[in-house]
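The chain below stands alone and is given as structure tokens, in the form predicted alone.
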């Protein structure tokens, strides 16, 4: 790939521009489906874009006691981590930057935004933001283990740490996908916690913490955090689709269609969970992840190791 093709892939398609455009699309789908499930009309298609542009034009007010450098830097770092992770996830064909071990790199990069959310709340020096940041960190240690195990289990059966190679393996052996269904359930529930969505929206908890972690953020910095969360939804949906719902065709438009269908289906499942479940307490969330999700993910790893010994 020459330098021009690389720049186009990184910044335009399927890189940064496509990521942001699809992120606003998925936010609209999420909000609209969520509203319809509650028998409401929902926002128009352009609402996410309008919200982003409105925030970009608003005045930035930094609390007097906040660390100004960290306040300004953290939204950019979190967005950069998600955008970089997206380059390693296959969208249409192989990923832009596919290599052996890119699954580990993507999981690491997707941990950075949560750490930034924690630091953003902590350095805001607001009691509400501090409580939200502590909850964000507590959730991180709850869902991260089962999420990692759920995504690594299919990799063990495929015998590769490359997301592109894992997807190709299950495309060639579609029946093996059925063995990973428990891991898929764990991954979907853990992702719901990672994205801080109901019933695991404890760090934000608008009715309790007035916005939680981001309560002191405004203007373009809050817009960047909002865009980070939307882009994270795209990356996680594409990652789950590539590992658990791999579809590959020689016709490019069929691959494009399958990508959109699989990611939209995953977002619909996440939205359905969000619309039908009440918020849980932080201790209930921790217990659920460690008592149920982690053992189920461990059982999936043991099963896949056994299957790997049989088929390998």
Partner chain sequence: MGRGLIRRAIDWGTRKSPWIIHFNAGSCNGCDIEVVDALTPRYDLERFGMLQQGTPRHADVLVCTGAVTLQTRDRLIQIYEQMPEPRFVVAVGTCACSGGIFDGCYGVVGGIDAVIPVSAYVPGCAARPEAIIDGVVKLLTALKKQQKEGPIVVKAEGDEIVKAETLSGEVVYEKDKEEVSQ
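Nothing here was measured: the structure is a model prediction, and the numbers come from that model. Residue numbers count along the first chain shown, from 1.
Although it is not shown, the form predicted in complex with the partner chain is what the next lines describe.
- If you check 123, 148, 222, 169 against the partner chain in the predicted bound form, which one has a heavy atom within 4.5 Å? The residue in contact is 222.
- Here the chain is shown alone; which of 111, 173, 218, 138 has a heavy atom within 4.5 Å of the partner chain in the predicted bound form? Partner contact (heavy atom, 4.5 Å) among the options: 218.
- Message: I'd like to know whether residue 51 contacts the partner chain in the predicted bound form, with contact meaning heavy atoms within 4.5 angstroms.
- Response: Taking the distances in the predicted bound form, the answer for residue 51 is yes, it comes within 4.5 Å of the partner chain.
- Query: With the cut-off set at 4.5 Å between non-hydrogen atoms, does residue 38 touch the partner chain in the predicted bound form?
  - Reply: Looking in the predicted bound form, residue contacts with the partner chain include residue 38, since a heavy atom lies within 4.5 Å.
- Examine residue 226 and determine whether its closest non-hydrogen atom to the partner chain in the predicted bound form is within 4.5 angstroms. Judged by the heavy-atom cut-off of 4.5 Å, residue 226 is in contact with the partner chain in the predicted bound form.
- Item | Contact flag, residue 278 vs the partner chain in the predicted bound form, heavy atom cut 4.5 Å | Residue 278: no, not in contact with the partner chain in the predicted bound form.
- Query: So which stretch, 239 to 247, 253 to 261, 280 to 288, 40 to 48, is the one near the partner chain in the predicted bound form (non-hydrogen atoms, 4.5 Å)?
  - Reply: That would be 40 to 48.
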